[in-house]
Every structure is written in structure tokens, then in C-alpha cells.
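Next up is one chain by itself, shown in C-alpha cells, the form predicted on its own.
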């Protein structure tokens, strides 16, 4: 089954390009045929000559520069390319204004974008779902992205839709990024089946502390995000797949993790992550990797450096859900994905400990395990956990708090009102996200 990716705005297009690069390199890495075939069918279609791999993707931006760069870089790779008519761009951007993207550009170009997505969907023998990739800080990714997601939900009401969001640096890239983030998240919560989040601050730390990159570019950040996404979306064997690579990655992901409409936020942690030059000199054992990954999960640390080993599971009644004190990260559901050598010998019982999960869901239902004996992206052994937990509670609360402070002083509101977003729309969005914050705070 195939996934159609919709890349929106500068960030969505750049991360999307890196994802296809990672997936293609992994599928063609001299691996076994069943894995390679499943991966290619999932993310690419072949031209009539059978030589070219063409990404199952639609590229949308209100400025042509980034799309042109992505198309050109993909073609130069010689391994895969984007479809010649699967992109749409305009000459002027959305000015980092969510309202401009959502109320003006989105409706104006709706028919064209829908037609591009329809063409890609019809190329699939069977559609697994749609993945929209975007940032929440700017205008096109967030505003047009939200509008396009709304249109896709209308046209494909029973199809799985996963939104992949890149959250901005806390120190800020755009003065109104918190407004844009609040409006995006509040709307997507009603539309999307699950929302997978990467935070720029966290990924930046991984680049700096684990990968030892001195001058970190957005390209470096995007490659880390693409590596983590690829480790989730590449073929794996599920508990009930009977030795055949799982057919529906988005369906399996959503049904494993998003079991309640109030809880849709997914975070990703991967281990190991290191400079490629160091991989040859490193050895990994499953017990060591899984011990570190479990502690990363419960202490809400996104990388293996700086793990707080003092955090321990406690009984549900003793748990705190403070937004300020470092505390135990309670999970609603976790998906553990293991890839590489001796994967069937890995002991994962520690992730099934009921103390990790909320009391109203048994750990057998809350925990899922996928495995693949094929190593991923040059790592002999690697493990990824996708978690629906309190991990994003604090960053979400920060974004909402900063946006509310600006809103209370009416800063920049007129920029949104002039495009058709009223103060009531802001208030509805704040109310909606306060409810999400409240629900995650009370997980215990």
C-alpha cells in the first residue's frame, strides 16, 4: 500500500526531499528484495520504462524557489525524482501570516492542489493514507497546509491523514510564530488522525551534541528529522503480519497510537545517532540500546546524552503532572520499532511495564512492537520509539502561553483580521488547545 506525501511551504518541501532521499538510499542499499520492493511501492511509482523512481508526492509553496531547488536536487541524485507535473507554486509568499495562507491562498488555489493530489492518489494501486508535511511557524506551511488538510479530509473522509509538523525554535524565527502555531494545531486537531511533531530546538541539540556538527544548517536539522521519520515509515514486521512487511504503515501507526480523539500528539526518539565516521568503530547491544531508550522515554529526553537516570516509574496515584518540575513522562501508547541484526533476540519486556502507562489502558493494548531484520541507514542495530505521551505538554503549553500574552495585548491581531480571522477564531483556538493541555496533564 502506498503513502502520498503532500509537502507544504519551505520547511515541508525541504524535509520531504530529505525523507525521500533517506528512504531511497535505504531501499537501494543492497538489502533483501522483499524489503526493497515494499519500500519502493510505498513511497515511489515507476515510470513506464521502469527505470525511474518517481516520488509519490505533491509539492506546494507560494514561492517557486524551494520547490525548484528540491526538484533539481532530486533529479541530480540520479536515484529518484519528483513528478514533472506534481508541483504547484506562485510568485508571492504568505508573508508568515497564517490567515493569508488559510483564508486567501488556500481557497484561491484549492482546485489546482486537489487535482494534483487526486492524480497521485489514482496512481496508487491501494492508498494507505496521506501525509502532510509542514512547519507551524510561517504562513504557507501552516495556513495553506491547514486549509489543504481540511480539503483532503473532505475529499477522502475515510483515509488516514497524518500531519508531520516541525515546531519552531523557542527563541523565534518569526515574530508571530506562536499565533501561527496555535491556529494550526487547533484546526488540525479536528482534521488529522495523528500529529507527529519534531521540535527544531531538540533536533538542533542532536546535531550539536551527538553528531558534532559545528555550523548547523537547516539541511542538517532536516536530515535528522528525515532519518527519524524514515525509521518509522520504512517497512517492518508487525505482530500480526505473519512474516510479510506491514501493508498499511499509516493505518498501523494511527491504530497503535491514536486511540482517543483527545490525544493525537506523537513524538519520536531514536537511538543510536552519531557521526557517520564513528559508526564503524561502535558496537551496540540490544539490552544497552533498549535500556537507554526506555529511560529517554520516561524522563522525556530526546537523545542519549543528558538522560536523567533519577526518574523512575511510580504508581499512578503518586504521579505529578507539573508543567514546571521535571517529572515522569506518562504514556498513553508507545510503538517500539527495532531494525537490524539479531532483532528477534531483543528483549522488550521493560516497555510493557504497566507503570509506564495510564491506568485506563492495559499495557498489552498500549504497547506495540514492530521489527525488521534489515539494518536502517548504516546502523547495524537501531531502535525508535513513537510515543503518545506527555512529552509535548511543556512545549505546547509554552507556545499557547506566549501566544496568549501577545493576544491579551492585541499585538498584530489586525494583521489577521484583515484577511478574515476574527478574535473569536483566536479564542476558539485557545480554548481547544487548553483542553488538549488539560487532557495530557491529567494522564496518570
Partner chain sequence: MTQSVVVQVGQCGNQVGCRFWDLALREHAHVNKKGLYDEALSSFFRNVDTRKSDSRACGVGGRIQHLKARAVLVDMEEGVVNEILQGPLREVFDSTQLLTDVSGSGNNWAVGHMTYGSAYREQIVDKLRKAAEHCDCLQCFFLIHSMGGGTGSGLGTRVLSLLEEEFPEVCRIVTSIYPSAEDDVITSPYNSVLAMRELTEHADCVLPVENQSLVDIVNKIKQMSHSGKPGSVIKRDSAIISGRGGLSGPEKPFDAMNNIVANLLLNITSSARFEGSLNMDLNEIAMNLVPFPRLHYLVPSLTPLYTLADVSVPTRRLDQMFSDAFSKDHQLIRADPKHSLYLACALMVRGNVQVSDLRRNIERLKPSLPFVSWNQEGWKTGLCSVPPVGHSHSLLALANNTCVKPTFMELKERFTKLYRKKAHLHHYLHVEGMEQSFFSEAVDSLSSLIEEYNHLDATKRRLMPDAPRLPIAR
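Just so it is clear, the model here is predicted, and its values are computed rather than measured. Residue numbers count along the first chain shown, from 1.
Not on display, but discussed next: the form predicted together with the partner chain.
This chain is displayed alone, yet in the predicted bound form one of 292, 204, 264, 227 has a heavy atom within 4.5 Å of the partner chain; that residue is 204.
Note on contacts: among 373, 354, 288, 170, the single residue with a heavy atom within 4.5 Å of the partner chain in the predicted bound form is 170. The stretch among 52-60, 403-411, 33-41, 374-382 whose residues place heavy atoms within 4.5 Å of the partner chain in the predicted bound form is 403-411. In the predicted bound form, the partner chain sits within 4.5 Å of a heavy atom of residue 96.
The partner chain is not shown here, but in the predicted bound form it comes within 4.5 Å of a heavy atom of residue 215. The partner chain in the predicted bound form comes within 4.5 Å of no heavy atom belonging to residue 162. By the criterion of a heavy atom within 4.5 Å, residue 423 is excluded from the residues contacting the partner chain in the predicted bound form. Although the partner chain is not shown here, in the predicted bound form the stretch 65-84 places heavy atoms of 65, 66, 69 within 4.5 Å of it, in sequence order.
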